[in-house]
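Okay, so here's just one chain, in structure tokens, the form predicted on its own.
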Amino acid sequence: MLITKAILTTRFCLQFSKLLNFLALCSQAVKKFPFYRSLSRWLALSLASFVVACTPTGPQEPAGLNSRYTDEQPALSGDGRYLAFVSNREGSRNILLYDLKSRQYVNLPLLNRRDAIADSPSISNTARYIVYIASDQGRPEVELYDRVTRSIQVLTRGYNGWVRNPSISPDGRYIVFETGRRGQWDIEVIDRGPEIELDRLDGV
């Protein structure tokens, strides 16, 4: 199905390119003959209507959860709707978020980067907040991703020891992780404070 869509999209782009060339020739004619000015406007409006009519707006087909690549480290949201996990299906180790209700993958802009390896995801009630390990240049950091603001916050910047296995509370306020700063594995807790927008199940 994806290959068919790609072929149709390519054909459409080729036809669209030919039409643009035709319009460019028309624009040259308009400069010489004012009669063609109204004709060019009509063509532009018709083209815009055609593009809008051909834009797919229907529901997407359900996407499968597992793949032939390694999919591991699942984490379930508090409301049971979202599932975060680590996958190497896209050629690098990324965090994916799957909506179990709509059976679709959720877009996570800016979270996965080519220069960092993502690991150990944990998600809040509605998966607004995702906490995970990102290894940039070999050093792991605990990072927090906010799906609403599409922002990333490094929570362990400046830590001397290694960190691993972060976990976020359902409302998104507290984050725990393991740290090796004392030469052994200890547990640390981060309180993001009362001023943050909590990820409540009732949305209040």
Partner chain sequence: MQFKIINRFFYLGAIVLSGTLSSCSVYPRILNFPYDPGGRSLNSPAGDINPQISGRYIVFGSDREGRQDIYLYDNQDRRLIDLPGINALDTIASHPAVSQDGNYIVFCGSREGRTDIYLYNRPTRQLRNLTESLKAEVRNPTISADGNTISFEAGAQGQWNIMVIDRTGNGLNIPDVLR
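Since the structure is predicted, the reported quantities are computational estimates derived from the model, not experimental observations. Residue numbers count along the first chain shown, from 1.
The protein also exists as the form predicted together with the partner chain; that form is not presented, and the subsequent description refers to it.
Candidate site formed by 75, 85 and 155: every one of these residues places a non-hydrogen atom within 4.5 angstroms of the partner chain in the predicted complex. Looking at residue 167, you'd find a heavy atom of it within 4.5 angstroms of the partner chain in the predicted complex.
The shortest heavy atom separation between residue 141 and the partner chain in the predicted complex exceeds 4.5 Å. Looking at residue 178, you'd find a heavy atom of it within 4.5 angstroms of the partner chain in the predicted complex. The partner chain in the predicted complex comes within 4.5 Å of no heavy atom belonging to residue 151. Contacts with the partner chain in the predicted complex, taken as any heavy atom within 4.5 Å, map within 76 to 109 to 76, 77, 78, 79, 80, 83, 85, 89, 98, 100, 103.
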